[in-house]
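Coming up are structure 1 and structure 2: the same protein chain in two forms, each one given alone as structure tokens.
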Structure 1
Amino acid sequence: MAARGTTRRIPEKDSTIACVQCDGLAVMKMVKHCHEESTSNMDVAQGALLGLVVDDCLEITNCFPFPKQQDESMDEDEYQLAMMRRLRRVNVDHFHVGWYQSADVGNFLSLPLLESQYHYQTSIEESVVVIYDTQKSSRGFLSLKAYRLTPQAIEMYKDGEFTPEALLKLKVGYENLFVEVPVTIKNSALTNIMMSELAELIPEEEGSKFLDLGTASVLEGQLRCLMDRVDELNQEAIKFNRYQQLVSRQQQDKHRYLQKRAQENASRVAKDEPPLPEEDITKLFRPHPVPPRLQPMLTAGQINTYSQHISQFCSQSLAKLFITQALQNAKEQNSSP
């Protein structure tokens, strides 16, 4: 396993895919599916990505949703194979290049996602997972990001040891668990012409939305989720500190037991008596199970994601809130007698 044997050389970076290029049709199908699931039953929307690999660029040209888990009569693997066969018959790219999943206020980093991407990436080397944020996109900011597991994360999950020693040996942390791949959206020339014509029909804004607080709900949701994840990480830290205290107390008890036994053997030898028989220390002092560190690492990564989203997306909202608060206070002071 990871904690035993010779040290293996693991590449620091994943150079298989440098960029992801999505067709407008595939993006619209993902957006439609994710919003339908989020508004109807608040389920996580998932689907397959189809496309081709050209040099170091992954081109996503089509996609289709996975069947719902409630439908037990349909096998997911058979459904995917049937869909790809039908797409092949109509001359559509049918090569499986990854999968997509919806997210709510950036909440996507979890054990199921890690396990699914590991299986995808070990079977299809160029596969990616595309995360679409429904909350952020509904406020007018398209959030479409592609991620891949790093070589260290793949090696960690393959070994199956999530102890602090194994993670330290592989140099795996939340900051290098996933790597983000740049995503670009490409449309045909006719689509670009139509979008240019539609843009001319939209009336120009006259600067009346500088203090629009429409993104305040997204900021509130991300701050609440951030507090929840901080509480979870605090609970995990308490568990690990308790484990360290138990190990330290056990080491002290073992040391005292060995000293006492050595003194008894010395006194027995002085009395020409045979020493006490050897005992297995590990049976008397059984080692405490090491708490796995994978879930705390994912929680720390989710906290980092929330922090980045808040600093990038919600900094303007915070400034607007402070400005409107100052205007409200000034209005109240002027209206008071």
Structure 2
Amino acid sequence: MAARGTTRRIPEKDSTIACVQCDGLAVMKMVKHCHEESTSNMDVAQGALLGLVVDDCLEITNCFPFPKQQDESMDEDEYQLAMMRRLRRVNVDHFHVGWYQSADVGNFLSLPLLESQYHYQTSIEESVVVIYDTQKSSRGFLSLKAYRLTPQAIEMYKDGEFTPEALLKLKVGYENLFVEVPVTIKNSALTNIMMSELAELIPEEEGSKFLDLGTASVLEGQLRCLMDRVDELNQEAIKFNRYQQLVSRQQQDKHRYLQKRAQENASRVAKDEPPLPEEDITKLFRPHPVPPRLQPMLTAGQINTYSQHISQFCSQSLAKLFITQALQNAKEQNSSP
């Protein structure tokens, strides 16, 4: 699967997939796998998605996890192929349409993710990566998001050049590395019927957990992560700044050198001597290596997602606080008379 596709021009506007439709079964399987992984060890869980493309809609009908432990005897590619072959025998869609990964409060953006998605998308054009946020889901917000690399990002990765100029030319920023594809979960009619039947059987729960006000601890964790990222980004900025200073100093040196040379040549011409030979100026002033901008870009993207999460969380918490205030008031009013 890692084989690179033939280089072809990717259209500026990506319109292969408009939406992702996910089967309830696949979702349940993903959720189960991710939670198992996150409770046992804090690593990320990954797996493959199976399904088919209908017009501009990607239907995910099934999935299977990748083996976690790095076993030397087992070839991962072979495992996937064998898995798909066997699933096909039991009449499951065997079209590989992408992969999923677990995440912890939006910290999924990373270099390996970018790399794998690049390989997926270059070999299977329609493939998506589905991110399932375990932390958030465990607090009651089901968070299932599908992402695709933008054509610019693919182009950037293909070039393998992460200089500021290249990024500028491609107009790639942290905000347009990935594009989110809306996900809908669809169950078959039979499942729906069973669900409603089950809902009747299960006794109604006391809604005690919905108004969890433990805002401080969650926010603390997120703030800490955010701080780390900001530190990283700051380091990168300092690095880049140093680079800039180096370049500017070199430019000045170069300029001075050229001027001196021109003067000398002028005086030589005046004395009817041959001008000095043109030396290779690039040899004298080797350009400094440009610090790659990919990592800062990814860090910026992470900061972005963190901030979004925090603001979202805060607005939700605020709403909750208002509700509790109202409840409290109501209770006091009830009790006072």
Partner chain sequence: MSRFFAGSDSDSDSSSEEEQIQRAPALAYAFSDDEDEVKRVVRSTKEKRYEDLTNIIKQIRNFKKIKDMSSMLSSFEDLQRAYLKAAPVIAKEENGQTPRFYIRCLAEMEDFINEVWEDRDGRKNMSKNNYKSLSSIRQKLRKYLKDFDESIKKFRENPDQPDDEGEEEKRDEDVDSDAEAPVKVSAAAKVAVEPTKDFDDDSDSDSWPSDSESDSGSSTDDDKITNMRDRFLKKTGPTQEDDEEKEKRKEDRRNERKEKERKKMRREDEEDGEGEWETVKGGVAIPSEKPKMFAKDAQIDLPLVINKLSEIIAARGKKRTDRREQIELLHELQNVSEQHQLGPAIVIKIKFAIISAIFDYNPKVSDAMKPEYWTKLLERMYELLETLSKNDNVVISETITEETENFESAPYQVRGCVLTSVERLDDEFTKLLKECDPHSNEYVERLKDECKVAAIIDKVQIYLERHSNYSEICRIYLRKIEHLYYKFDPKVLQQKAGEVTKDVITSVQEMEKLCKYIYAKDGTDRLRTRAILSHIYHHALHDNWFQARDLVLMSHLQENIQHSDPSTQILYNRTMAHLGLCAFRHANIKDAHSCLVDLMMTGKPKELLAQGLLPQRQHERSKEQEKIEKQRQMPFHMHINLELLECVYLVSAMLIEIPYMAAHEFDARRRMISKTFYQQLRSSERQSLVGPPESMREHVVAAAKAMRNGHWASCNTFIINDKMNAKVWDLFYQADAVRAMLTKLIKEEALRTYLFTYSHVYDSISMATLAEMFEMEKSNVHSIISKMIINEELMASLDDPTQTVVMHRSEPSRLQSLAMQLADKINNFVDSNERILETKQGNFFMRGQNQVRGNFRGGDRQNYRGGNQEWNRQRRDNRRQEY
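Take the two forms, superpose them, and find the largest set of C-alpha atoms that agree within 1.5 Å; that set is the rigid core. By convention here, residues take numbers in order along the sequence of structure 1, the first being 1. All values derive from a computational prediction rather than experimental measurement.
Annotation: structure 1 represents the form predicted on its own, while structure 2 represents the other form. Once both forms are overlaid on the rigid core, the distance between the two CA positions of Asp272 between structure 1 and structure 2 is 2 angstroms or more. Superposed on the core, the two forms differ at Leu327: its CA moves 2 Å or more between structure 1 and structure 2. With the core held fixed between structure 1 and structure 2, Ser123 has its Cα displaced by under 2 Å. For Ser196, the displacement of the CA atom between structure 1 and structure 2, after superposition on the rigid core, amounts to 2.9 Å.
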